[in-house]
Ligand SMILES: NC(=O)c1ccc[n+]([C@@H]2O[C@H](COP(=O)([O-])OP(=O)(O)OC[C@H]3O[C@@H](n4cnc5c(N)ncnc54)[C@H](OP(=O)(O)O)[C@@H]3O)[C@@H](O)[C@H]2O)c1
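Just the one chain here, the form predicted alone, laid out as structure tokens.
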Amino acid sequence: MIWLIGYKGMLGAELSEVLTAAGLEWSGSDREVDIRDLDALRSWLVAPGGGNGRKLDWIVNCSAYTAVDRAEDEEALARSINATGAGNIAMVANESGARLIHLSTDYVFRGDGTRPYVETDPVDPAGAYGRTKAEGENLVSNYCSRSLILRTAWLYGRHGPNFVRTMLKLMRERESISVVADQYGSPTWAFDLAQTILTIIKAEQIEYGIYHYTDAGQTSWFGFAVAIQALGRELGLLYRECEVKAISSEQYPARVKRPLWSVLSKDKIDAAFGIKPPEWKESLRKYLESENGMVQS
């Protein structure tokens, strides 16, 4: 059985559907099981409606504190979820004999690189969110030897707010919008990431450690917005004109400096599991096509 923690979030909800479609047995928990409470996690394993004493093969931790700016004022809260909570999950995985997949982020890096980050590059987070996620990675590695840490970036999908929906909404409402053009990364469809997790779970050979996964290619937030607008017009999601203006990070008001460079190398995950990410524009088109009705609402 698979325990999916944070199954109501963007990735967790997507993964729950992927696991169901694959015919795999899973059970989910969300805020009703406080990951900051080690005893609460242990109790879930035997509780009716939870683990119910079944053999646990995998835990997938999709839970996280992700409010990047607010984390500067709530670092203790962010740490209790992203670090302490992640460590608790790793301890429970180790105690139960389960393997663990833990989701992490590009924010563990400073974001001033010039080539795709590889898994062995030193972490150097610029803000509280990145610090707490980096601490969580360390605890997961220390407490559970059979763990995979999966770093990702620029995630969007059907479940919950995301950049794609925000851009479409603003493009319908405004004459012009301004988007940062000097931050680079790889837009990633949550469905693609969920399929990657499924591939890992079903793999016959597992090499534990840290991996990177995003969709292939790179662009800026401005380039991402331009692509959303072009596809939105082509697919009938946008009907009015809206000028998309490029601005610098310095012109965008934010409490925390975002990484200017968030491109992650996928060579390791390809070598270990044969996972070859689709191009981000290809996935964006599929997302907009498949979710036409939902995106318009």
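The first residue of the sequence shown is number 1, and the count goes up from there. What you see is a predicted model; the values in this text were computed from it and never measured.
FYI, the form predicted in complex with the ligand isn't displayed, but the following is about it.
Ser63: touches the ligand in the predicted complex, heavy atom cutoff 4.5 angstroms: Looking in the predicted complex, residue contacts with the ligand include Ser63, since a heavy atom lies within 4.5 Å.
is_contact(Leu148, the ligand) in the predicted complex, heavy atom dist at most 4.5 Å: Leu148: no contact with the ligand in the predicted complex.
4.5 Å heavy atom contact, Arg36 to the ligand in the predicted complex: Close contact exists here: in the predicted complex, Arg36 approaches the ligand to within 4.5 Å, heavy atoms only.
Heavy atom of Pro278 within 4.5 Å of the ligand in the predicted complex: Although the ligand is absent here, Pro278 would stay clear of it in the predicted complex, with no heavy atoms inside 4.5 Å.
Answer range among 140-148, 126-134, 199-207, 110-118 for contact with the ligand, defined in the predicted complex as heavy atoms within 4.5 Å: Result of the contact check: 126-134.
Residue among Tyr211, Trp154, Phe224, Phe191 with a heavy atom within 4.5 Å of the ligand in the predicted complex: Going through each option in turn, the one that passes is Trp154.
Triple contact flag Arg54, Leu56 and Arg99 to the ligand in the predicted complex, non-hydrogen atom at 4.5 angstroms: Checking in the predicted complex: none of Arg54, Leu56 and Arg99 is within 4.5 Å of the ligand.
Partner contacts in the predicted complex for 219-240 (non-hydrogen atom within 4.5 angstroms of the ligand): Residues within 4.5 Å: none.
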